[in-house]
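Form predicted on its own, single chain, as structure tokens, below.
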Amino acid sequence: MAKSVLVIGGGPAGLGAAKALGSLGIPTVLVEKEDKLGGRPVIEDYHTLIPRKMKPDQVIGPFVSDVQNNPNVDVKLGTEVEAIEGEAPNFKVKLSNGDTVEASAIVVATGFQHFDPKRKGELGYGIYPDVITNLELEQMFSREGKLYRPSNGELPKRVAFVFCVGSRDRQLGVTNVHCCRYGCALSGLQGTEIREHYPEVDVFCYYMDVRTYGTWEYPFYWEPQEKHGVRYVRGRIAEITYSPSDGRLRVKHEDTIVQRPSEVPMDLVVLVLGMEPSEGTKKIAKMLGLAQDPDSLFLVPAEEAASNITSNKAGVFIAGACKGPIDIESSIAEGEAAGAEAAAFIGAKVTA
């Protein structure tokens, strides 16, 4: 029987792994619980991806096509892993569709989930319709092609982005003290898109500090301000309320530069959500006995490994957002690396 590799998760990292394995001629089974490939960017209709400002079908679409059209890759949609028995190179994996997969190695690419903003009740999500998430703003753009207030369908005059909702927050305990990595940059991009299409709309970004990594600093922090007039306010949000007198939201915060409290009327507030390990990540970690960060519960590589995609369990490789916040293109690259590591582990012989 040919040596095969199981890839768990059909998002960016899983697609990268499956494409790499399939192109090497290695029999690969890709299991995805949703009914289509692409992960959250595709399933949840992201509008524009950072850092190259491209659409999901431009970045992820070619990987989906390559994987689906590769005869070496068996894609199982709407399917979950139910049980895993054995050790490498003899894993026996039971799937929810009744199939059993025998694999010599496994790539775990189970991704993340968005922080539930209802856990921060003072921000008014789920109470006031004009408090939305950055994901919902993406879907406004991608599905409807316009900006509006959910309460009345009108164009907002003032929009506020609230950074770090569910990130770097010790009030939530140790589980959410990590940075989401993407939020500052995406907010800069979304603020820019609003100003480009609706120059009459004022946009404000409320932040603790701004973390636009590497080459993201100019296009997603300075350019939104200098070219598009996005206003940045360093302040901690205490509460978001609603004023019946004018039908607008009130953002109550402490301006930490001028060191005084302030209350500002807004028409639309966008909560920039943190990232947490998905339920699938936690489930697979338990099945395989994978090491997790004791606080965040993201997967962590083996302590003795030189590679950050080598897990603590022989023959199991971890890639993408199951290990923590990461951008989409880096997630794809990690998936490709995990696929190559899995191929090397099973001793695959590749011929030209």
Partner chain sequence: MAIHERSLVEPERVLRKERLVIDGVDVSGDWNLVILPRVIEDYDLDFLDEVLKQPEGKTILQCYQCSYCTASCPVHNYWDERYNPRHFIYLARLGLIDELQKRADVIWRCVSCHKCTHRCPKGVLVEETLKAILKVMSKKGLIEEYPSKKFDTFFLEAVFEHGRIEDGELLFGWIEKQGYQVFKDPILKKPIPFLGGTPEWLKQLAVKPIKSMNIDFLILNAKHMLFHPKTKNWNKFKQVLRKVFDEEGVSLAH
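What you are looking at is a predicted structure, and each value in this text was computed from that prediction instead of being measured. Numbering follows the first chain given and starts at 1.
Omitted here: the form predicted in complex with its partner chain. The next part is about that form.
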task = Please check if D255 has a heavy atom lying within 4.5 Å of any heavy atom of its partner chain in the predicted bound form.
result = yes
key: Contact test in the predicted bound form: R234 vs its partner chain, heavy atoms, 4.5 Å   = yes
message = Check G126 for me: does it contact its partner chain in the predicted bound form (non-hydrogen atoms, 4.5 angstroms)?
response = no
message = Taking any heavy atom pair closer than or equal to 4.5 Å as contact, tell me whether E136 reaches its partner chain in the predicted bound form.
response = no
note = Of 116-124, 256-264, 76-84, 277-285, the segment with heavy atoms within 4.5 Å of its partner chain in the predicted bound form is residues 256-264
ask   = Tell me, which of F220, F112, F91, Y206 has a heavy atom within 4.5 angstroms of its partner chain in the predicted bound form?
value = Y206
task = Using heavy atoms only and a 4.5 Å cut-off, determine which of N72, T175, Q225, S142 is in contact with its partner chain in the predicted bound form.
result = Q225
inquiry  = Need the contact residues for 154-176: heavy atom within 4.5 Å of its partner chain in the predicted bound form, sequence order, or none if there are none.
reply    = R158
